[in-house]
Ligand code: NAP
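In the form predicted on its own, a lone chain appears below as structure tokens.
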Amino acid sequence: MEIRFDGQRALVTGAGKGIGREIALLLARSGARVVALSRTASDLASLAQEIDCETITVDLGNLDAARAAAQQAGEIDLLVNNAAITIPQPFLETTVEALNATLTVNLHAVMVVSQIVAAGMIRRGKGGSIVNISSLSSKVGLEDHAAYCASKGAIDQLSRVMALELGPHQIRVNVINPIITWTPMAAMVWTDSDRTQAMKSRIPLNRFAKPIDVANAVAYLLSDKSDMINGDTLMIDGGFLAR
């Protein structure tokens, strides 16, 4: 099954590293014109050396800057809200500051960017597709991740409302929920070998996901191959929830 996005413009947030970078690379190689957002200019510069893409440096923790970046991106047919942060803290030590910072990037920025992009899709009357990157942690609790789990649970629910309200405009909204995906952010958290092996032992495939596993699923949900899928969540968890 070949998936192509020729003639379409795709906005990918958090495109500098990890999952977002893999998504940007795959979409560009599938014919999309990628607009890549990241807070790290050097990451965008190296991405632009790999693919012909537009780049916007922005810290999505600043919502005014997030709105401006979404407007600067111009007409968008495909949106991937991937950017996220995590601030691991035990629940009893989780600070309001950490919760607010996490929600700002992981939830609030998704809303404001999607509002601008979806409004443009509606004006043009051609529909579109949005994929929000959530997490397995929206379905299960993870120790030391109270703020992150809360943000991802909220993303799932926000996405369902988006699907309901944008669906009549032929804008589909779906969610990808990956298990731990081996990226620089994951490596920062999962450094303890005993803890890592204990987590893998709960996954029937006995391994974490790779960024390309998520990127392939995103491409499918963005494409017309999934034309009747809307408001759904797709687990990329190696069978974790089958237990």
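Keep in mind the model is a prediction, meaning the values are calculated, not measured. Quick note: we count residues from 1 along the sequence shown, nothing fancier.
What comes next is about the form predicted in complex with the named molecule, which is not displayed.
Remark: residue 30 does not count among the residues lining the named molecule in the predicted bound form, judged by a heavy atom distance of 4.5 Å or less. In the predicted bound form, the named molecule sits within 4.5 Å of a heavy atom of residue 19. In the predicted bound form, the named molecule lies farther than 4.5 Å from every heavy atom of residue 121. Among residues of the shown chain, residue 85 is one whose heavy atoms approach the named molecule to within 4.5 Å in the predicted bound form. At a distance of at most 4.5 angstroms from the named molecule in the predicted bound form, all three residues 38, 59 and 134 contribute at least one non-hydrogen atom. Segments offered: 123 to 131, 76 to 84, 166 to 174, 91 to 99. Contacting the named molecule in the predicted bound form at heavy atom distances within 4.5 Å is 76 to 84. Checked against the named molecule in the predicted bound form, the residues 105, 162, 147, 117 give one hit for a heavy atom within 4.5 Å, which is 105. This chain appears without its partner; in the predicted bound form, the one residue of 70, 47, 180, 26 with a heavy atom within 4.5 Å of the named molecule is 180.
In the predicted bound form, the named molecule lies beyond 4.5 angstroms of every heavy atom of every residue of 107 to 124.
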